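One chain comes next, on its own, written as structure tokens: the form predicted on its own.
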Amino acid sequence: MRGSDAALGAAGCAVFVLLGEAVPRLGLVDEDHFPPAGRIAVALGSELSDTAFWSALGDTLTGWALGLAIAVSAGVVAGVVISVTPYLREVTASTIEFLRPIPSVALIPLAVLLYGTELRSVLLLVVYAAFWQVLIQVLYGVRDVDPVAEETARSYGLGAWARIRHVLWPTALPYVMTGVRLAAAVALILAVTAELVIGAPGLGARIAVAQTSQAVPEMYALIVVTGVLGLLVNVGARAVERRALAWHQSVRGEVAV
């Protein structure tokens, strides 16, 4: 089953590449605006041999990883504290619903004002966007805890920490991992966006430079790199999720299929 899915995915990519080569060659679009896939591949090879490219890639991954780690840690802690503290969820509900829909890109002027083009500007946007993905999932996960299990744990004299560890956490963990997977993708999007708009060092800034200098094949090559990064992030997050939830029924069923 997995081999068949991989083959179909590879076939889809091959068709996409062929279309990318054929459409500009046939004159359906201007090659100056959308170069053939072959020219993009050549530009990609040139990028891969450039040390500046690898430095930019490292900057992007640094902002993504640090921002994701901060967002996940803060989201899990805040979600658990809000959920287990009496009345705190009700008190914070309106504030969360007000802040959560604010697009992270709307904070770009604030980030530039506070930190300029430093890494901290990227982290501000990444953490803000990824934090809500984790927090909301944790809140839903804790809400899903079986009240009977909670009361049974209390009747056996388990303290707050023991109940969190043995009752709350196993129930909330599938939700947490979903939040981490979503946050990983969002964090990468915001890292590249921040670099592109603010000019912070990274792949986004390199894409902006290629665009302004009319290096169109190089621009598309860098966009391809960001797409590959997104794919690897998603695959890696799913692998971590399957490993962390190997005991869970959904993962056991997925493996069995």
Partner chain sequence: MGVPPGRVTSRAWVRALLRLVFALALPAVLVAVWWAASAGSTNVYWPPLRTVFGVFPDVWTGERLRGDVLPSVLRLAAGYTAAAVAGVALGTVIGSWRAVRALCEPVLEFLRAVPPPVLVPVIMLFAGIGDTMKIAVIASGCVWPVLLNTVEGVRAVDPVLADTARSYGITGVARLRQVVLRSASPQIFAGLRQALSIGIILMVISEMFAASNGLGFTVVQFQRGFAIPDMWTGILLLGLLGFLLSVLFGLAERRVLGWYHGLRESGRRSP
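Whichever C-alpha set is largest while still superposing within 1.5 Å between the two forms counts as the rigid core. What you are looking at is a predicted structure, and each value in this text was computed from that prediction instead of being measured. Positions refer to the first chain, counted from 1.
FYI, the form predicted together with its partner chain isn't displayed, but the following is about it.
Peer 1: Based on heavy atom distances of at most 4.5 Å to its partner chain in the predicted complex, which listed stretch, 50 to 58, 37 to 45, 64 to 72, 203 to 211, is the contact stretch?
Peer 2: Heavy-atom contact with the partner occurs in 203 to 211.
Peer 1: Considering non-hydrogen atoms and a 4.5 Å limit, does its partner chain approach residue 146 in the predicted complex?
Peer 2: No, residue 146 is distant from the partner.
Peer 1: In the predicted complex, does residue 113 come within 4.5 Å of its partner chain, counting heavy atoms only?
Peer 2: Yes - in the predicted complex, heavy atoms of residue 113 and its partner chain come within 4.5 Å of each other.
Peer 1: Residue-level question: is residue 103 within 4.5 Å of its partner chain in the predicted complex, judged on heavy atoms?
Peer 2: Yes, residue 103 sits close enough to its partner chain in the predicted complex that at least one of its heavy atoms falls within 4.5 Å.
Peer 1: Residue 152 near its partner chain in the predicted complex, any heavy atom under 4.5 Å?
Peer 2: Residue 152 lies outside the contact set for its partner chain.
Peer 1: For 207 to 234: residues with a non-hydrogen atom within 4.5 angstroms of its partner chain in the predicted complex?
Peer 2: Residues within 4.5 Å: 207, 211, 216, 219, 220, 223, 224, 226, 227, 228, 230, 231, 234.
Peer 1: Aligning on the rigid core, do we see the C-alpha of residue 239 shift 2 angstroms or more between this form and the one not shown?
Peer 2: Where the cores coincide, residue 239 shows only a C-alpha shift between this form and the one not shown that is less than 2 Å.
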